[in-house]
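As a starting point, one isolated chain is supplied in structure tokens, in the form predicted alone.
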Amino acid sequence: MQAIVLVGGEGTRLRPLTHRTPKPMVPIANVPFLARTIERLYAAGIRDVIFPAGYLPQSIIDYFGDGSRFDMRITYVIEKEPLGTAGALKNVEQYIDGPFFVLNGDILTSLDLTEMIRFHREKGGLGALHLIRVDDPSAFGCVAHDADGRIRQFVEKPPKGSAPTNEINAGTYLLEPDVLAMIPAGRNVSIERETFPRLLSTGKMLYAYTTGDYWIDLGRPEHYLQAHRDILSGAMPCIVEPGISGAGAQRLMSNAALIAPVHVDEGVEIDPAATVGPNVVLGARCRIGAGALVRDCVLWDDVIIGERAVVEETIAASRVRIGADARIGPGTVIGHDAIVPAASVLAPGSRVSATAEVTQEK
């Protein structure tokens, strides 16, 4: 069993976080999201992984290398231009020698891959697609199937109230290599809009694997923050311990400034007169000044929050500096190395980078 993890996206909706960090390397509780994905694949017994990469691939290569330190074999195939979800698979066809998983590089889920393997072997079709149920499927691709699970129809973003089902494509597929023959080479191809419907039209069997697992698309800042709330609360299981957790937790356990849940990495310094939490993740060597309030935030490594600053529902990339008495509105995203001057007031939804003026989210 092999796995292809689609890591070529530019992460435009997460900018400025992704100006220097490719979306799959954005940290989830202080560990690159792609490393979390590798952990899941390893737990399912998969040791052979292919990364079709395009945007800032060197940071991925530098972190994972050949995969040996993860007891994995990792192959990189660099796309000169975006090829789409199916085009990326066709581009790595030479490395595929059996059934393979396809995982989108921005989906956080508790899906049990081992159980999906069992389901696929039991059904025996060309592929199994992970589905989840949502309240409003109009923003997603719906997948209709019969009682046996055989997929009959794909409906992309149906108008509200017209969807044939509330089961949506959750972005994890287990496919047989014969699927690759149905993908044209050398151009951008969407597996969801082109390949899967074509398979159905030719009578091929695809099966729906519907579960109630945790699932979220990390592609938007608000979803990224929500994912961390869910991780800290335990709604997304098996990533962090409840309460005050992380490599730096023990040293800060007696700090009255912490309001659980909080996850802290090594070297974090929090003034006892600060208030941190709930729902805060602090990267390595972050420093929080006296009288500061940090709540519902994800701060990457080496972020400094000045005295009496108020920072709420904010994502700050590595080495951000927020000056004393600053007020950072909810929904703000601050890119690497940006400096927010003392006493600044950022409106909700601001985007700040080190090389650009502050912009407001539209």
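Counting begins at 1, following the sequence as shown. Quick caveat: nothing in here was measured; it's all calculated off a predicted structure.
Although it is not shown, the form predicted in complex with a small molecule is what the next lines describe.
- Of the residues given (50, 316, 53, 328), 53 alone sits with a heavy atom within 4.5 Å of the small molecule in the model of the complex.
- Between the options 245, 210, 104, 109, the residue in contact with the small molecule in the model of the complex by a heavy atom within 4.5 angstroms is 104.
- In the model of the complex, the small molecule sits within 4.5 Å of a heavy atom belonging to residue 82.
- Although the partner is absent here, residue 16 lies well away from the small molecule in the model of the complex, with no heavy atom inside 4.5 Å.
- Within this chain, residue 232 is remote from the site of the small molecule in the model of the complex, having no heavy atom within 4.5 Å.
- Though the partner is left out of this view, residue 143 does not reach within 4.5 Å of the small molecule in the model of the complex, counting heavy atoms only.
- With the small molecule left out of view, the stretch that reaches within 4.5 Å of it through heavy atoms in the model of the complex is, among 83-91, 266-274, 279-287, 118-126, 83-91.
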